[in-house]
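As a starting point, one isolated chain is supplied in structure tokens, in the form predicted on its own.
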């Protein structure tokens, strides 16, 4: 979008390593390794749901593209991956040492993303990196490790939170290399997970009950409630007490941060609160039976919602702390370089989540599927959402560099797709 606007001011071609078809998804040597994209599907508007688009991808990563690409964005990459030699080596894909998207367009199997970017000697760059350094932890429901204090990213797992100091060192290196030849650039900070539909669509209390059912279920937890009251101080016992009522009820969740009483035969469970974030895919399992032969095995009621379906309050705090540290680094390094400007995407996403942002023709919000701001994965913006970000960048460039680059019209870009 930005390149199309730049072309009106004398900008050149913008080459992208696009997939071969509109299905999305990837093959490796003929075997599918990435799923197709999401579309809304259903027999009528009342029962639309996100599904993977039917079909087999035709994009095989072993068919490496040639040439320079102006779009060096690699889905799933963390900050330190941009410096990693061999991140585009097909031999490393199966063991998680390489990224299949970069394999497709790396200039050499042993190069790095930043080397290929700098080799083009750009006059202008945009850098938006760091989301995945914390997002993979969040989207997995906190199934990972906060690596604060560990300065060796080669030891990190795929869902771990990158140490803030590692992020800062990497980010400084990236900016230094991108600006070494006098290029001007724009950087973007990172949005809070509390503003994206992946974490805000499924409420913590989606379980409806009548009084009789609530009484019956409470009876099943009477022994558990009595035991936690006996073993724990009153405040934590109250936190862990299971009590269903007539009306909407919170789901029961696993929480590894609770005092470990498994030696006494008690699970680490409690009812969710509004400070816990239930991830979007949990909507497909809440209320279903863990054991089809056992009607009491309702997930979220008789069977706790497993760790991967919930970002607990403690885990939300870990994510927020890391994200704040990353954003402080981005702000400081951009402020220290007169040729680099920063766009506050974090504030934009807060605004989209809290009432929306108006454009000529409508309002974009973060409401899942219908708000127009986010795609069906609940994480990435739609084309229309990205148009807002493109405009924010262009506006900041015009103000800072004295340009007259025209804005894009968000209304001309699509949102989600019906199949």
Partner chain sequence: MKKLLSFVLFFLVGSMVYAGGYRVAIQGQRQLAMGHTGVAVISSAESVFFNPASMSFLDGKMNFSLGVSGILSETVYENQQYGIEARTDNPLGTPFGAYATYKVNEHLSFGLAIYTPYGSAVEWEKDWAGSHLVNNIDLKAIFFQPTVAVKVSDNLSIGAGFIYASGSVIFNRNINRTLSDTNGNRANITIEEKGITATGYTIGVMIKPIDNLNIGFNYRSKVSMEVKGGDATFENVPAPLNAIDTKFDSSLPMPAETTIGMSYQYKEKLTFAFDYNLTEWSEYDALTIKLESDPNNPSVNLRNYKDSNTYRFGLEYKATQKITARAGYYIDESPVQDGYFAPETPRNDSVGYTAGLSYQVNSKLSIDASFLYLQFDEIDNSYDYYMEGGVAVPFAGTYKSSVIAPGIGVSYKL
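Residue numbers count along the first chain shown, from 1. Computed from a prediction, not measured in an experiment: that's the story for all the values here.
Another form exists, predicted in complex with its partner chain; not displayed. Remarks below refer to it.
S.K.: State yes or no: in the predicted bound form, is some non-hydrogen atom of residue 15 no more than 4.5 angstroms from a non-hydrogen atom of its partner chain?
M.R.: Contact check for residue 15: no, nothing within 4.5 Å of its partner chain in the predicted bound form.
S.K.: Does at least one non-hydrogen atom of residue 11 fall within 4.5 angstroms of its partner chain in the predicted bound form?
M.R.: Taking the distances in the predicted bound form, the answer for residue 11 is no, it never comes within 4.5 Å of its partner chain.
S.K.: Residue-level question: is residue 380 within 4.5 Å of its partner chain in the predicted bound form, judged on heavy atoms?
M.R.: Residue 380 lies outside the contact set for its partner chain.
S.K.: In the predicted bound form, does residue 52 have a heavy atom within 4.5 Å of its partner chain?
M.R.: No, residue 52 sits far enough from its partner chain in the predicted bound form that none of its heavy atoms falls within 4.5 Å.
S.K.: Does its partner chain, in the predicted bound form, lie within 4.5 angstroms of each residue among 81, 128 and 335, using heavy atoms as the measure?
M.R.: No, the candidate spot makes no contact with its partner chain.
S.K.: May I ask you to choose, among 29, 67, 355, 361, the residue with a heavy atom within 4.5 Å of its partner chain in the predicted bound form?
M.R.: Residue within 4.5 Å of the partner: 361.
S.K.: Out of 58-66, 34-42, 346-354, 366-374, where are the residues with a heavy atom within 4.5 Å of its partner chain in the predicted bound form?
M.R.: Of the options given, it is 34-42.
S.K.: Just give me the residues of 384-417, first to last, that have a heavy atom within 4.5 Å of its partner chain in the predicted bound form.
M.R.: Contacting residues: 384, 406, 407, 408, 409, 411, 412, 413, 414, 417.
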